[in-house]
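What follows is a single chain, given as structure tokens, in the form predicted alone.
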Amino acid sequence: MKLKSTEIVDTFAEAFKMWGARVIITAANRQWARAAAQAMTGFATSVIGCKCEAGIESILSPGQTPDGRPGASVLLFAMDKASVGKRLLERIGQCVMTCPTTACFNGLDGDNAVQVGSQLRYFGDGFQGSKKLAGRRYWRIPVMDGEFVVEESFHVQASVGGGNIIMLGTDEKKTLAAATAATRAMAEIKEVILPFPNGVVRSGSKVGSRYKTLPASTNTAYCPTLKAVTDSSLPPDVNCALEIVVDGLTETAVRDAMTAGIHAAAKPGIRQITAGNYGGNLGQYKINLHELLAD
């Protein structure tokens, strides 16, 4: 199958069951809301080394937030419900509560909840207070610029992580341009994040390593400098491969983001668009690229 001049490889992205949460951060202005969101989503590219995957879902106007202030929506994913709770507690406590003027709210509905504000309240050293509004409890923690307001509990839900596309280009410049176009298109899809820097990863990994202590290592099949010495998956004229990983609150959102990314990345100089998988042996979801374009 071809999209313009780009071959879409007949393969699938292997995605995984994860748990996700949405955090709504507000502040006195957009600058501080974004600062808190960026801090909270730092060092959160992969569960392999970061314990969670997180990113900014969108920037919110005052009319879209619980307290009528500028804000940001952050999505955070981990492999189980308990891990999501731990990461939320750490990152809201260290990255949002510390940021001037911020407040923090749960952004999901559902039956599964983890305790956040009810734990962070102890930072108030006995001077904290709470208020219940419309069945939801909020804690007010005294801080040096006034009070930090944080919701007592945050809902989490079953989610999907590890959807991906890999762009194979003739050179770095053209491949970067295609990746940039793809991430911009994917960012328009709700309920997803692209956890790597600007949404793109160059150090894609494979399971296992020659070194017993490493659970993953560089994806040698897609390294252009190793074409002559490994079983390469790169066509002869491909000299750059870049990957985009997408996590979402639903499989539909992940599929929609991948579809948008494929269409945007099919540019001159991109010989193929493929996806990473493990033969279907690890992930619970198989997202076929040809099926995405047929939908």
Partner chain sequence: MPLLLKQIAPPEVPLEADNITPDRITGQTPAGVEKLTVMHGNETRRIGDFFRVTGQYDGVINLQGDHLGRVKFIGARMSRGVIRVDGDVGEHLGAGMSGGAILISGNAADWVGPEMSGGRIEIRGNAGHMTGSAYRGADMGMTGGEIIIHGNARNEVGNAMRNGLIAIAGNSGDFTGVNMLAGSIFVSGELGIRTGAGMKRGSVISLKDAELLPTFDYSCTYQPGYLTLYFRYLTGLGLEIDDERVRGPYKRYCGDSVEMNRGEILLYSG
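Residue numbers count along the first chain shown, from 1. Everything numeric in this text was worked out from a predicted model, so none of it was measured.
Below, we turn to the form predicted in complex with the partner chain, even though it does not appear here.
S.K.: Quick one: of Gly42, Pro235, Gly68, Pro268, which gets a non-hydrogen atom within 4.5 angstroms of the partner chain in the model of the complex?
M.R.: That would be Gly68.
S.K.: With the partner chain left out of view, which of Leu133, Leu214, Ala82, Val207 would have a heavy atom within 4.5 Å of it in the model of the complex?
M.R.: Going through each option in turn, the one that passes is Leu133.
S.K.: May I ask whether Gly63, Phe105 and Tyr138 all come within 4.5 angstroms of the partner chain in the model of the complex, judged by heavy atoms?
M.R.: Each of the three qualifies.
S.K.: Contact with the partner chain in the model of the complex for Tyr122, defined as at least one heavy atom pair within 4.5 Å: yes or no?
M.R.: The answer is no: Tyr122 has no heavy atom within 4.5 Å of the partner chain.
S.K.: Taking heavy atoms and a 4.5 Å cut-off, does Glu147 contact the partner chain in the model of the complex?
M.R.: Yes, contact at 4.5 Å.
S.K.: So which of 91 to 99, 123 to 131, 168 to 176, 196 to 204 is the stretch with heavy atoms within 4.5 Å of the partner chain in the model of the complex?
M.R.: Of the options given, it is 123 to 131.
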